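Just the one chain here, laid out as structure tokens, in the form predicted alone.
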Amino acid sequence: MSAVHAQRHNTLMEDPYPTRLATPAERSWLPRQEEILRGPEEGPLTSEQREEFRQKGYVFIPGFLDDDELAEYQRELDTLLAREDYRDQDFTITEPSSNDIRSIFAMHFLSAKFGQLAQSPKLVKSVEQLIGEDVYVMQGRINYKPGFEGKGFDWHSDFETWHAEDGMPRMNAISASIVLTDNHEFNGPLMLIPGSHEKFVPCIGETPEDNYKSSLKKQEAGVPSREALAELVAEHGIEAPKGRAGGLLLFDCNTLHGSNANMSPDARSNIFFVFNRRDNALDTPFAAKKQRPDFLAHTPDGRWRDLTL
């Protein structure tokens, strides 16, 4: 166990999810401690969709946006991607081999349209049906994977990163990805290991200083071992939700996921929000010397203190 983790707040209770370890753990994974479904049955999601999420750790909902909404958000995405003054900002991530924008974080503070979408009752109530009420947006971003050049991303659990580097205590968060382009097998769709949300995989290696500056382009710290991944894939398989633009993918914070490079001419883009429960607010990181910047991990008050534009 790392020294940073051992010293965290002089915590009296042992961390149930130790990670960024100096040596491999005795077991390749640890059992999840939190309930998966904690929200009310009534809401936009059907009982079948809630059950699919419980079993797989994700659910894909086609047609979440209608055609007019989809066109509006596609235009807003293009507007933000065209902002030259965003290109060299901390909150903007470019492709490793070029200066093409890959992600813009905290876009719901930069765009009134995306800010309204983050508070959409249809979206928020769907999330609350899964993890419970009283949630807030912990992170927002737009992702763009250009045709032919968009790079992939290694397998990882978002919770492992948020726990280690942001101080998220428990698995009480969910990611909402609204696809703005058709997702098919050739343009690098998100791949998930169904059922992996019930197993936490500790990772090896201490967190480098300011790890986010490199990990958002290519993640190296916080990547599960190949042995653990092979074991989980042998048990659960790999799935890649595909469908037309306008669909909504909801996946648990601990579901292992990654993506391949986009080798097709078709770009892939999505709007991405992370909803966290207020009683699961971020604290001192469990395996890093300091928290990451505000544009990556917002507080429950909903502010982005670094916003100066």
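Sequential numbering from 1, following the sequence displayed. Worth saying up front: this structure is predicted, and the values here are computed from it rather than measured.
Below, we turn to the form predicted in complex with a further copy of the same chain, even though it does not appear here.
Practice item. Heavy atoms, 4.5 Å, a further copy of the same chain in the predicted bound form: which of 166-174, 72-80, 116-124, 184-192 makes the cut? Say which one. Key: Flagged stretch: 184-192.
Check your understanding: Closest heavy atom of residue 208 to a further copy of the same chain in the predicted bound form, within 4.5 Å or not?
Key -> Output for residue 208 is no: heavy atoms all beyond 4.5 Å of a further copy of the same chain.
**Study point:** Any non-hydrogen atom of residue 101 within 4.5 angstroms of a further copy of the same chain in the predicted bound form
**Key:** Because no heavy atom of residue 101 falls inside 4.5 Å of a further copy of the same chain in the predicted bound form, the answer is no.
Review point. So in the predicted bound form, does any heavy atom of residue 265 sit within 4.5 Å of a further copy of the same chain?
Key: It does: once a further copy of the same chain is placed as it appears in the predicted bound form, residue 265 has a heavy atom within 4.5 Å of it.
Review point. Counting only non-hydrogen atoms and a 4.5 angstroms cut-off, does residue 278 reach a further copy of the same chain in the predicted bound form?
Key: Flag for residue 278 set to no.
Review point. Would you say all of 153, 239 and 242 touch a further copy of the same chain in the predicted bound form, counting a heavy atom within 4.5 Å as a touch?
Key: All of them do, each having a heavy atom within 4.5 Å of the partner.
Practice item. Quick one: from 258, 246, 44, 39, grab the residue that has a heavy atom within 4.5 Å of a further copy of the same chain in the predicted bound form. Key: Residue within 4.5 Å of the partner: 258.
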